[in-house]
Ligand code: TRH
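What follows is one chain in structure tokens, specifically the form predicted on its own.
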């Protein structure tokens, strides 16, 4: 499927928005034969995810994607592609909308929404919204159920995951490349989170637990709190701190492909936001989600909606333990007891994570769903 697509990304929350749009752009180019132009208003957020990024280039090609620095000047005079995606309700420039309206065949205009498991999502997915300029914009919702746009998943992702998880030598070699020496008999846990008042209690629970835990923490917003708990004034990637049954190691921020592999190598993954949340589900390992907080506690409805779906098929003790841990983490309190309550359910949660991944993989992936929606729009217009 040839054609030019434009994706606009306004960086709001560090790496979440750009993380999703970069993955989508790469997959559309690689698997759907689309020429993708990714407009980014802050290239500094892109560089850690794709280290070859130039911070000064107005136009560059990264991993098969044309990346444009999004400014009022750079957008002016550009002919829109056949599909225009505004990611997460970012506002398109008025000049670009006017150019869209002036095309002989107006582009398919899509608002790619945030991920949610709430019941209303399927009913709103793909609905049109007439615009004052005469164009129609369609709402496109990723999701976990039939009738939504699905989740980002490259065609070979799960095969690559399975190959690494089945190969002890390959996992060890990858971790050693990150500077990690796996501890014999220790659970490997990754931690990527927003600041969280419950961190110290969770660390204490792991340090005083029955199982040895090797905690791997990519550089991020939680680092300052980690330093406070460890009683150190600075942390450098690669450094290791033992505390009781817990060993903490800081890792350098890594490109997306390496982060995926880290998730595959770990026994448990604490993630945040949207991008790492989805990738942890594809890792088929038990996970803990730190949802982005919203005004008036609106995020709790999103959290509970996902949990209601996710715990289907779990025994009552496992469902209660997992839900209790997620709520304690997002409330910032009660992590000690919640972590202890989870331990007897470990084997069941591990098996459930793999079943959940397989269940989600039965749905079309987000890039394929977008391409199909575009083809159907052409058929309707003909």
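Since the structure is predicted, the reported quantities are computational estimates derived from the model, not experimental observations. Numbering follows the first chain given and starts at 1.
Below, we turn to the form predicted together with ligand TRH, even though it does not appear here.
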For this session: Would you please decide whether residue 96 lies within 4.5 angstroms of ligand TRH in the predicted complex, comparing each non-hydrogen atom pair?
Result: no
With a 4.5 Å heavy atom cut-off, would you call residue 364 a contact of ligand TRH in the predicted complex?
no
Against ligand TRH in the predicted complex, would residue 154 count as a contact residue? Criterion: heavy atoms within 4.5 Å.
no
- Task: Answer yes if any heavy atom of residue 201 is within 4.5 Å of a heavy atom of ligand TRH in the predicted complex; otherwise answer no.
- Result: no
Given 96 to 104, 70 to 78, 180 to 188, 271 to 279, the stretch touching ligand TRH in the predicted complex at heavy atoms within 4.5 Å is 271 to 279
With the partner omitted here, the residue among 264, 141, 109, 192 that in the predicted complex has a heavy atom within 4.5 Å of ligand TRH is 192
None of 90, 311, 303, 254 but one has a heavy atom within 4.5 Å of ligand TRH in the predicted complex; the exception is 254
Each of 12, 15 and 114 having a non-hydrogen atom within 4.5 Å of ligand TRH in the predicted complex: is that the case here? yes
Near ligand TRH in the predicted complex, with a heavy atom at 4.5 Å or closer, the residues from 330 to 345 are none
